[in-house]
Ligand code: SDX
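Shown below, as structure tokens, is a lone chain in the form predicted alone; questions about how it binds or moves come after it.
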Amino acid sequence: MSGMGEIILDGKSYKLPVLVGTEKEKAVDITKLRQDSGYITLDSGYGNTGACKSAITFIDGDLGILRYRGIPIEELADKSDFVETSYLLIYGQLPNRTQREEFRNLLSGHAMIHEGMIKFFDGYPTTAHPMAILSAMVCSLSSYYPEHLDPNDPTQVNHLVPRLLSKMRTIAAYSYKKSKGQPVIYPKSDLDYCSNFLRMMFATPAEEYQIDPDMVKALNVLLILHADHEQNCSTSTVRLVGSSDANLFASIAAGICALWGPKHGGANQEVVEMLELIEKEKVPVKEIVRRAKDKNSGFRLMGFGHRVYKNFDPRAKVIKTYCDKLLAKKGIKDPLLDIAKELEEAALSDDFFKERKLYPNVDFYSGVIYRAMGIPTDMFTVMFALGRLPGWIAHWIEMHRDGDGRIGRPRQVYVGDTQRPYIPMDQRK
């Protein structure tokens, strides 16, 4: 606590504690406001309401800053990999050499899923969305660890964390194989996390899969950039579900479902679908920019601007560099990628976009690079979930370790009918 604030309601003064975070963020603690005054606050979408204190991720949207446990995202993307970054988010510190190798070995050793679970995939039609399969299968994992589901037992939680991190990757790859009607490819314990995933996605029994180090690096960067983003919709969902003491698998499955929505995890898919429409209709980029600036056109330019960042999205800066390098090195030719680059250049040179700080965000570039890697559009949100998993786990653990133990229970302002009588059926109009 760092002092007191004051609010006057109905002529009466109420003292409220003021908290200041380590990055000088200020908050008024209204925990006892309803108890003392009878009032609640109303904040649609919780855009101005803090639901917790957290030491995991810091964002400054005005300055374009993103840090995991204090480390800038730019440094992690350049120097780390996804496994090490996951350890950092979940356990609070970068691992030493021994800890890192032990963690990698745990992930390699737990990559397989129970053979009985593979039969579950046969129950889904080939038209099933991979996110539907992913959420159901992650929740089903709880059936295989009934003795390790107590969220308040650190030993049980530590038992599950590497298993979930590793097995969700396998489930994601298998869900793709199911959609393609191809046989699943079992993981190999001698491959690193991202190499293993790419092999399970794209290898076939007919030929040996060649690991492309450029693709592995690009995937590591993409997953790191998506690993956490403080109290977003899906992370808040994981915390809310977890507050009921639901087990880790159930809480993560709920987060996957929240991420599935196009306003959240589906944004990069919408970018590519927009580019496909532009290419199909042969609309000049200048016309697209004109429509985007006309509020009456009904057209929305996807992948530009961000609710949090009022400056350039720091993740977009990183991913643009890797996107340009990968496309140039691989000599990838794709009309959608050409449209994306032309659209980016046109928007960045237009005063309308610059004045409103509508810069390309991480969704714009991630959709482009995933397409270049050969990952299909309906798998984009699954890739987002795979990247966000360590952040979800970190917040779930932090909530149980540092929270007050209260179940999440938002209030409401009721605006329905006041008391009225029950009308018998023969008297209803």
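If you superpose the two forms and keep the largest set of C-alpha atoms that fall within 1.5 Å, you have the rigid core. Position 1 is the first residue in the sequence shown; the rest follow in order. Quick caveat: nothing in here was measured; it's all calculated off a predicted structure.
Same protein, other form: the form predicted together with this ligand, not shown, and the subject of what follows.
So in the predicted complex, does residue 242 come within 4.5 Å of this ligand, heavy atom to heavy atom?
-> So residue 242 does not count as contacting this ligand.
Verify the contact flag for residue 267: yes if a non-hydrogen atom of it lies within 4.5 Å of a non-hydrogen atom of this ligand in the predicted complex, no if not.
-> Yes, contact at 4.5 Å.
Any non-hydrogen atom of residue 304 within 4.5 angstroms of this ligand in the predicted complex = Yes, residue 304 sits close enough to this ligand in the predicted complex that at least one of its heavy atoms falls within 4.5 Å.
This ligand contact at residue 382 in the predicted complex, heavy atom, 4.5 Å | Answer no; every heavy atom of residue 382 is more than 4.5 Å from this ligand in the predicted complex.
In the predicted complex, segment of 306 to 314, 101 to 109, 341 to 349, 156 to 164 with a heavy atom within 4.5 Å of this ligand | Residues of 306 to 314 come within 4.5 Å of the partner.
So which of 218, 136, 358, 117 gets a non-hydrogen atom within 4.5 Å of this ligand in the predicted complex?
-> Going through each option in turn, the one that passes is 358.
Note which of 386, 368, 362, 394 lies within 4.5 Å of this ligand in the predicted complex, where distance is taken over heavy atoms; exactly one does.
-> Contact with this ligand in the predicted complex is made by 362 alone.
Heavy atom within 4.5 Å of this ligand in the predicted complex - qualifying residues of 286 to 301 | Result: 292, 295, 300, 301.
Quick one: core overlaid, is residue 356 moving 2 Å or more at the Cα between the shown form and the other one?
-> Yes: residue 356 shifts by at least 2 Å between the shown form and the other one.
For residue 288, is the C-alpha shift between the shown form and the other one 2 Å or more after core superposition?
-> Shift at residue 288: 2 Å or more after core fit.
Taking the rigid core as the superposition reference, indicate whether the CA of residue 272 shifts 2 angstroms or more between the shown form and the other one.
-> No, shifts by less than 2 Å.
Your call: residue 354 and residue 328 CA atoms, closer or farther in the predicted complex versus the shown structure, by 3 Å or more?
-> Residues separate in the predicted complex, at least 3 Å farther apart.
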